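Next comes just one chain, in C-alpha cells: the form predicted alone.
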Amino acid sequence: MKTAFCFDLDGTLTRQEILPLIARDIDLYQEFEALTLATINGIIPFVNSFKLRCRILAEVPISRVKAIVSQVKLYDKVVQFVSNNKECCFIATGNLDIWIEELAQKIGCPIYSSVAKYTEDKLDGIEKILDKADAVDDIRAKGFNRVVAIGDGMGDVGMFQQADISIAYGATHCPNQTLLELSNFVTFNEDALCRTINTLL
C-alpha cells in the first residue's frame, strides 16, 4: 500500500487563516474573519468568497502579502511530519501561488494552489481556482493507491470525497458538519492528528 497525505493549508498546517491576516493590514480584519467563517461553514460557496476576498486584497502589494504570510504561525509537529515524509506529503490550498510560494518552500513538499494573474507587484486577478478533488486525482496518478485527506472547511469537501481516508482537523476551527459527515477520523489537537497520521503511514 503506497499512501499519500494531502493537507489543507489554512487552519491545518497554519495556526491562522492567511487571508484575514492580510486583511488586518488594510483594516478589514473583522469583515474578513466573518467572511472566512461563513465560507468554512458552507454559508457562502468557497469560489464566490475567494474571488471577492482576492478582489478586495488586490490593492495590497504582493511583496507586502508575502511579508505577512512569512510570519504566519505553523503547527510545528504536523509540519515536522510533512518534512519527515516529503516523498508522500502534499498541500492542497485555494490560496494564490504568488502569495504562498515562500511558505510552501519553507514547509518543503509539493503544493497544489490557485494561480494568480499579476504584473510585477500587483495582483491583476485569478487565472485558476484550485479544485482540491483534482489535486487528489493528480496525486493518485503519481502511483499512490491510498490518499489521506486532512482539512477543516467546506473548501476541503471535494478533497474528502475523492480521498480514501479523510481526517477532519479542528485545532483552529471546529470542522463544519458536512466535513464531519465525510470524515473517517476527527481530531481536535496537534498531538492527536500526528498520532493518527503516523498510524496510516
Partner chain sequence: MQNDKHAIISAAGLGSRLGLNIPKCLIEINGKTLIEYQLELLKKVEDIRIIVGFMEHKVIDLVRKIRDDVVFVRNPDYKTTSNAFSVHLGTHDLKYPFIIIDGDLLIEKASFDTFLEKCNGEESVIGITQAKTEDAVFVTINEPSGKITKFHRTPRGNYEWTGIAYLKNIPIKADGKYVFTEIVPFLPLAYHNIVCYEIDTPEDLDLAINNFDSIINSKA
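Residue numbers count along the first chain shown, from 1. Small disclaimer: the values here were computed from a predicted structure and weren't measured.
The same protein has a further form, the form predicted together with the partner chain, not shown here; the description that follows concerns it.
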property: The unique member of A67, C174, A58, A38 whose heavy atoms fall within 4.5 Å of the partner chain in the predicted bound form; result: C174
property: 4.5 angstroms heavy atom contact with the partner chain in the predicted bound form for R146; result: yes
property: Non-hydrogen atom contact N189 with the partner chain in the predicted bound form at 4.5 angstroms; result: yes
property: Proximity of L182 to the partner chain in the predicted bound form, heavy atoms at 4.5 Å; result: yes
property: 4.5 Å heavy atom contact, K2 to the partner chain in the predicted bound form; result: no
